[in-house]
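Next comes just one chain, in structure tokens: the form predicted on its own.
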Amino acid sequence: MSENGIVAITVPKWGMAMDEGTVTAWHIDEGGTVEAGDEVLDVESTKIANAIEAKQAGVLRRQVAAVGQTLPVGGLLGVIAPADVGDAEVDTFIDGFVVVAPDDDEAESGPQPQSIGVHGQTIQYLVHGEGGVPILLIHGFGGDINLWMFNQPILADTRAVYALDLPGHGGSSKDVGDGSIAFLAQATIGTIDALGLETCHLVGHSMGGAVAMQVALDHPERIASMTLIAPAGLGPEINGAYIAGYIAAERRKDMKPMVAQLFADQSLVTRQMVEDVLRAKRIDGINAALATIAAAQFDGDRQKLDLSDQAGRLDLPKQVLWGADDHIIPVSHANHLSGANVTILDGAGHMPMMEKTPDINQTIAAFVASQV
């Protein structure tokens, strides 16, 4: 921010592989007022499109980049300034703006995945931020720590935020035992112990939501709150064809329709995203681990484990967030957890943390902050 309150909106860096972004839409006209957290425009990378929020209130004085224009990471997209700042000052700011993109050394100095021993296995995790009662992010079936790339840095503004690779996923050991939620929950609480976290807020997505519930049931004294995003374990139905198709897919043409089912907006599914999913699946041992997990937890279109009654009796703050257009687990399951705050997000599918990032980040941040 400049001394006179002028703020640059720049192309963010969503992951190590992102070098540039393309403007796909402006949501605020020039001259429009914005509040901190408002979605100002959409930017698309080779992986996914996402909204960029205003970091402070003011007036959108300039749309520097037009729709369709591609800029490097750090490039100037627009300018927010107080209404009483003169146009000449805004123009001077734009003329003097210098793109400062993170170089390789800077990027490598940021948070990097680490590993820790848990019950004879290796668990990979990533931590952003420090202090406060930490948040632990738990991904779903076939995911990894990269699932949270749009959420973890934002949530880490006020506290430490950990993301882990469950056994059988990402950089963690590929032994998944019997593939049950109980086995994955034991690995998760073991990770919490190994990291020295006395208590933490759990945020679990899909299968990770069921893992979060099992951890909370086994160790309620260690859990400050629980946020479940489109979780498994709250009802019987699940899209069994998706699970089987995901495991079987070995080529891009087979994986693309699987990935597409995760999103309400099909245009978000890029070639790069599909190739990244396939690359992660090709890590030695992952597909066998996923097959073991699927056999343990699903029977066609049915989930074998329903934790709704037990988790509903947990005396701890809990909330459920769900995309209204979820094609993997029915959104109707959102109402199966007694005592939970429920938020349904229109225009989102099974991945609301990627399709409705600002809403998810703000809802989680406000929820955990209210528990302190």
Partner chain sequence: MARTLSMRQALSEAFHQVMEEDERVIMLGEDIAGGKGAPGDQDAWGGDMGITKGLQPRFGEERVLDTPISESAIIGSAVGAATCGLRPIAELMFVDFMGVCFDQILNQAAKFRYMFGGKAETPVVIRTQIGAGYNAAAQHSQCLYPIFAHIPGIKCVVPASAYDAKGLMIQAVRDDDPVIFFEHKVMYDEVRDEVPEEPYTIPFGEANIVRDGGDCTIVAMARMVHKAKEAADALAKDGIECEIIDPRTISPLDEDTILESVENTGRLVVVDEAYPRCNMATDISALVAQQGFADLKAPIEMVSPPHVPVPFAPELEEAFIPTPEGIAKAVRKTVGYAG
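Not measured: the values here are computed from a predicted model. Residue numbers count along the first chain shown, from 1.
Absent from the display: the form predicted in complex with the partner chain. The rest refers to it.
*Does Asp193 reach the partner chain in the model of the complex if we count a contact as any heavy atom within 4.5 Å?*
Because no heavy atom of Asp193 falls inside 4.5 Å of the partner chain in the model of the complex, the answer is no.
_Considering non-hydrogen atoms and a 4.5 Å limit, does the partner chain approach Arg302 in the model of the complex?_
Flag for Arg302 set to no.
*Spell out, yes or no, whether the shortest heavy atom distance between Gly143 and the partner chain in the model of the complex is within 4.5 Å.*
No, Gly143 is distant from the partner.
*asked:* Pro113 versus the partner chain, in the model of the complex: is there a non-hydrogen atom within 4.5 Å?
replied: Because a heavy atom of Pro113 falls inside 4.5 Å of the partner chain in the model of the complex, the answer is yes.
_Within 4.5 angstroms, counting heavy atoms, which one of the listed stretches 227 to 235, 177 to 185, 81 to 89, 247 to 255 is next to the partner chain in the model of the complex?_
Among the candidates, contact is made by 247 to 255.
*Exactly one of Ala295, Ala241, Ile283, Ala288 has a non-hydrogen atom within 4.5 Å of the partner chain in the model of the complex; which residue is it?*
Spelling it out, the residue with a heavy atom inside the cut-off is Ile283.
*asked:* If the cut-off is 4.5 angstroms on heavy atoms, which of these, Leu278, Leu268, Val133, Leu76, is the one near the partner chain in the model of the complex?
replied: Only one option qualifies, and that one is Leu278.
_Residue by residue through 59 to 90, which ones have a non-hydrogen atom no more than 4.5 angstroms from the partner chain in the model of the complex?_
Not one residue comes within 4.5 Å of the partner.
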